[in-house]
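The data below hold one chain only, encoded as structure tokens and taken in the form predicted alone.
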Amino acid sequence: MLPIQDALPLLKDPARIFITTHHKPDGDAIGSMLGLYHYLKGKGHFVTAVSPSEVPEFLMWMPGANGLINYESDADAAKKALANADLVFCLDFNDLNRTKHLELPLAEATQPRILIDHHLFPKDVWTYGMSIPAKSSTCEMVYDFINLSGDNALIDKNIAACLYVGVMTDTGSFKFPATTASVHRMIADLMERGINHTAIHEDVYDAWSESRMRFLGYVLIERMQVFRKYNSALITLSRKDMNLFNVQNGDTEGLVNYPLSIAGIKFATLITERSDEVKLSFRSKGPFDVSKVARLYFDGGGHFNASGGRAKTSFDETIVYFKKILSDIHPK
């Protein structure tokens, strides 16, 4: 993979650009994609942004979100945009399989693929890119990319709002270790563009439905197990649980973090039964590498303190297996 600055000459003249991110996108995925979308549009490029799946409802207020193509509901339009593109930007994922159904079209694309991502161990499938796991978020890296291009002055209120969302959500509202001094300097710059950070926080975190709030109560009372001996906690969610509360896309966002608020708990896991797979999310506090757990046991990966994976076994079998290995993998 060549350095991303080597791709800058490709952006000197108007180009047709395709942008995408990972399946089941979160705030950083959508924020980085829309932030880059608005920036490239402002430079005179013809840009199409495609989400591999539905955008969570709590992010639909973001500038440009209504114009995104959902690959799962309009694959033909997405494939047409990809076929007509001159360049392909891939944001917030390190392996094409993270886009799920979009993986094969991306793999077969012959255009230069440009990566902007902060996950560990990127696959060798990109022409240009920057991969910096120490960065707080992909949104921070899009901000760096704009500055690398000499275009800081082009960051308007829409771009600033999008990038703010990704940094805010991926840093746990600026509390995680990756919240460096440079992150705060970036946030100060974005605020000077006129964003209302209080309103953005409310739009993301204080716009729950009543059913989602009741679902959270149910999860913490009925579906969370605490293993004091292992400094660990586990939440398990079956399809029956989610149907009981009519759980919508994005309603499980952040659930895995709640057990870490319990004194002494350093490792939290969420096992979710989906229609086509069993998904695992891992979070930790301190010097416990959950990305290693994800890679070694669950065909996944991610960050040191925040990772995910998937299981090939059934929901119930996965729970049994996880509890079996917990005695070996837990933080000491």
Ligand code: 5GP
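Residue numbers run from 1 along the displayed sequence. Bear in mind the structure is a predicted one, so any value in this text is a computation, not a measurement.
From this point on, the text means the form predicted together with this ligand, which you will not see here.
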**Asked** Taking the shortest heavy atom distance, is His119 within 4.5 Å of this ligand in the predicted complex?
**Response** yes
**Prompt:** Given that the partner is absent here, does Lys279 sit within 4.5 Å of this ligand in the predicted complex, heavy atoms only?
**Reply:** yes
**Asked** Any of the heavy atoms of Gly302 lying within 4.5 Å of this ligand in the predicted complex?
**Response** yes
**Item:** in the predicted complex, Arg310 touching this ligand (heavy atom, 4.5 Å)
**Value:** yes
**Message:** To test your reading of this chain, name the stretch in 44-52, 66-74, 294-302, 31-39 whose heavy atoms come within 4.5 Å of this ligand in the predicted complex.
**Reply:** 294-302
**Item:** Within 4.5 Å of this ligand in the predicted complex: residues from 82-113 (heavy atom criterion)
**Value:** Arg98
